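The form predicted alone is given below as one chain in structure tokens.
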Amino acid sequence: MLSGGYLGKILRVNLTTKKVAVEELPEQIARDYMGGAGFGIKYLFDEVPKGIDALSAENKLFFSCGPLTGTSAPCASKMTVVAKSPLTGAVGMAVTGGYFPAELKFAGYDMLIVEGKSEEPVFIYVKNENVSIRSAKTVWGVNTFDTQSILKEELNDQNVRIACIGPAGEKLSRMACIINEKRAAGRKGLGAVMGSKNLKAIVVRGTNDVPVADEAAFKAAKSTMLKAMKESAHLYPAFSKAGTPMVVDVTNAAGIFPIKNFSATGEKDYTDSLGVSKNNEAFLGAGHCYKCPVACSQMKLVKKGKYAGALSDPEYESMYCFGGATGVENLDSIIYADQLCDQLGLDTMSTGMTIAFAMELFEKGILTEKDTDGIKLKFGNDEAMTSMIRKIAYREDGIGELLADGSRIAASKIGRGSEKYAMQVKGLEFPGYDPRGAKAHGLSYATSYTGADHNRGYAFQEIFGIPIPKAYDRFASKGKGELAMWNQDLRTATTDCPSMCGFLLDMALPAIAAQNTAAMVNGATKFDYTAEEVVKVGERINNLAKAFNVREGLTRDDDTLPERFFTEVILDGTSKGQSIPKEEFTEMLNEYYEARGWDKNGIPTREKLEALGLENVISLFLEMKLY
């Protein structure tokens, strides 16, 4: 019987039948999958039929908390959203923070499952055990910030927490995200899944406490964690003061800050224009997620010029995709672009990289002013960059409609060799680290179950030089298959499931991440995880996610990188001369598959699945004649 950390309840809302049900969370699922991404992927695999259209009523959304969410655990303010991704056709999993995740736990639920499709725009209103489906006609077409304000007024409750979509989700852009407060479940097009269901928002108000099973053990574990955070050389001295934009300085120093759609990495240093010192000039104040002492969210205000009044908290990835990737060095325009994406409900990374893709096509003459509505879509043109965002969100005829579903789909429509300029894996656009100068990081892009996703296996060993489990040469390829697997399983189990902030793992807890998670979760739940069992949870989830993708038709050919990284070298900077020759990548991928216990085609072996207790996947693979 679940005695703490979990509430033991799953809320299921069917928008077609208008039926609301509360189900018990099985204890074995809690033990085997922990929470967050684990719950979402387990239920996705079990409940979403093979081969469905991700924008059909048959897809489902799983909003999943972890056992630490809503407790007094520091930085455990996260929640995952899972569905079949309309952008990739694979597992779509995004993480969000802020206050909405804790509020869902306070309302009494470990997970919310949304299924079916409403005939009219609606929002779901959850107030503890009282759940209703209400008309959203007054906020359909409204941006995410105003939607939250209007619904709070409509419900006469300023304390509700709201997750909602903007016009991009309503228009079914496959880059649409879900916004709560100013946080985002940003990637894989999950906002379009909400839009396809005519679901504008989920409003939650909870007044319950989250129980802790063993107060003394939980307190001791929390004390150890807080001590590690305090002793970190990076967390409070640097990260708390600068937030993720500090990574601009790090990646420029390493020569892996992507420039001009990865065509000019290393050729210019963006530290002066987009780094910490420049960001400090626009700093307005810091923001916290629930129970977070770090406050890494750095609010920036544009005080003068053509973008005066723009207010947002762009993360490193927004600095890269609207800055270096597009050749733009105007920080004010990036703050404005970030604000626009949050308001309109667009993933900044996919949006920025799709614009960068279009800019390279324009530079090469594949697109012309006739295709871009008369806009000179050249690298470095900040006004052209920001003008694209609204066109994409509203699917405006012409360039907006062309780019609204990301670079892979746009390339398939454009043709003429444009495919090789789409910097994506499995349809998901690249994060802000050039893999030629960080090869385990790049291998994780290729093998992540969500596509090119830095947070599914962040190689802090290469990016920050942290020697855990040992030191690695970031330019070397040998040993990177095993490292990529280690990073993926560790991050899944210690951040995506409990659910905790991933920055902690990188900045403060890399040496004790698995032990810390075991101690914290055991204190909250009275489970008896060892550090090794925690990592095994991550391994189980990554194998189940792989099985879902195999079921949906993805193959070894999808575990790859764009041609540019195989054939073009970095021409300047501290990573000058680096590339990933195809034969080198093949060796890394083979090593990764071997480390995982998968066959040469990337199919988990029967022995591996048996060891992880995934007998249902064995049955599926037998039906598919993979064994």
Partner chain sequence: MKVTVKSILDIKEILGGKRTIEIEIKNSANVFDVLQQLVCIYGESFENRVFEKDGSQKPEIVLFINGTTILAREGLETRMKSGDELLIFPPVGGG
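Being a predicted model, the structure only gives us computed values, none of them experimental. Positions refer to the first chain, counted from 1.
Missing here is the form predicted together with the partner chain; even so, the following discussion is about that form.
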For the chain seen here without its partner, which of 285 to 293, 139 to 147, 265 to 273, 120 to 128 has a heavy atom within 4.5 Å of the partner chain in the predicted bound form?
265 to 273
Any of the heavy atoms of A452 lying within 4.5 Å of the partner chain in the predicted bound form?
no
With the cut-off set at 4.5 Å between non-hydrogen atoms, does A253 touch the partner chain in the predicted bound form?
yes
Report whether the minimum heavy atom distance between Y433 and the partner chain in the predicted bound form is within 4.5 Å.
yes
Does the 4.5 Å heavy atom contact test between F239 and the partner chain in the predicted bound form come out positive?
yes
For the spot marked by L561, F566 and Y593, is every residue within 4.5 Å of the partner chain in the predicted bound form through some heavy atom?
no
Students should find that, of F527, F100, F503, F218, the residue having a non-hydrogen atom no more than 4.5 angstroms from the partner chain in the predicted bound form is F503
Quick one: of D342, E317, E360, E170, which gets a non-hydrogen atom within 4.5 angstroms of the partner chain in the predicted bound form?
E317
Taking the partner chain in the predicted bound form and a 4.5 Å non-hydrogen atom cutoff, the residues of 438 to 468 making contact are H454, Y458, E462, I463, F464, G465, P467
